[in-house]
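Just the one chain here, laid out as structure tokens, in the form predicted on its own.
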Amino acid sequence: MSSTPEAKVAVATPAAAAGRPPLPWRPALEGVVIPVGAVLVALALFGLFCFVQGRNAFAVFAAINKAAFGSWYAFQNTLVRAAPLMLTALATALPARLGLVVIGNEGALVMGGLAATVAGLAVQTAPLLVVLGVMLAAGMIGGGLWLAIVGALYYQRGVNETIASLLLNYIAIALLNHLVNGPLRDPSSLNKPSSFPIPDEKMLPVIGSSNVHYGLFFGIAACLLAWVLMEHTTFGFKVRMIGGNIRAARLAGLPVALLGIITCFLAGAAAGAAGMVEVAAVHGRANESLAAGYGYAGILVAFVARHRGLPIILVATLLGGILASGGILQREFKLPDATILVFQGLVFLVILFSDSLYGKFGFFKEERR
């Protein structure tokens, strides 16, 4: 007796043979459980660190929650810090879809901030929207070209992208220090060499009566656009194909080098926009405060979010809250200023280790038909 294709599928599926439907949500659940578990382990290790320092770990965690989310004022500080983290995280997340580990976020942010400052000063007499538009375009181009160098070196010369992007961070910071101490220096900036300031009336405004500036909208919009681009467009499919198997992508006729350089440019443009936001909404000028570590923290956000646009919004908000709590740890617990950096480092190390756990648990494997 001949069997139908439907019967063959039913027999070939163990879950169906046992009267159980397949569970396609299991692989998706793995992408949530492992990162969350890794963060919980990092919290436990940080609690142990606090205990060694003679502090009550639960009291420290309560203080962090209070400083980050305990009130509307605290949450505003969290959102202000989350905005650049969303943008700098994309500088690592987008190239990761190509299979590249790019950590030049800080350098792209600095170059974007410098470019935005120069452009803003050049058109400072124009209307507000024109000034901000020119600054945003200049910042994105500056940061984009900076990371496009990484893509070009990798695809054209085979230079390791991680080392190249790391070294470009130091070059960008050196350029920043040179310019604000030389050609761009405002003579009135004595104790802290800085560029000439952007006029107050041309700064990026805040939202309503809050302390949160419109840079938060830039970060959210960028993450949404990155999600659409990488998950729902032909361009994103090509990028993911390169990341999955670059040899197969070349055999399929894809312009691998061009797509890679464009993706690195878009990644740098996001970090460059973060530099523009820091200049136009926070500092008002270019100085050493541009290199405040948001780029390096963005690497952590990207890895925790598994290089996906939408989760980056949530993770950046959580990390922004942690960064906002540094002051209260110093005041109430007399912990050193680097305590928050210790916490970030623990999370980063545990997240990197957790990457080795994917695919190791049978529960998360979808049963094949």
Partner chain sequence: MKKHFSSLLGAVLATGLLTSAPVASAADKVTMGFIYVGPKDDYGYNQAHAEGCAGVQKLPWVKGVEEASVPETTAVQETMRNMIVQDGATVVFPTSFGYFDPHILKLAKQNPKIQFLHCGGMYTEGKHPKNVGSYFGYIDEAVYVAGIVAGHETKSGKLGFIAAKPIPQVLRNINAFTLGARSVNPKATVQVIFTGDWSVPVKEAEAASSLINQGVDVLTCHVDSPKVILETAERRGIFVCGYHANGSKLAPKGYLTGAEWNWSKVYTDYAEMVKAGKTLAAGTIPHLVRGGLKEGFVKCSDYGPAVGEAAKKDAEAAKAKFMDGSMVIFKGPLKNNTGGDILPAGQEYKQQDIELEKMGWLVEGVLGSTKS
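Every value quoted in this text rests on a predicted model; they were computed, and no experiment measured them. Positions refer to the first chain, counted from 1.
The same protein also exists as the form predicted in complex with the partner chain; that form is not shown, yet it is the one meant from here on.
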Quiz prompt | Contact test in the predicted complex: V282 vs the partner chain, heavy atoms, 4.5 Å | solution = yes
Quiz item: So in the predicted complex, does G236 come within 4.5 Å of the partner chain, heavy atom to heavy atom?
Solution: no
Quiz item: Are any of the heavy atoms in R240 no more than 4.5 Å from a heavy atom of the partner chain in the predicted complex?
Solution: no
Exercise. Using the partner position in the predicted complex, report whether R55 sits within 4.5 Å of the partner chain, counting heavy atoms only.
Key: yes
Quiz item: If contact means any heavy atom within 4.5 Å, which of 218-226, 131-139, 182-190, 262-270 contacts the partner chain in the predicted complex?
Solution: 182-190
Practice problem: Could you list the residues in 279-302 that come within 4.5 Å of the partner chain in the predicted complex, counting only heavy atoms and keeping sequence order? | Solution: V282, H283, R285, E288, S289, A292, Y294
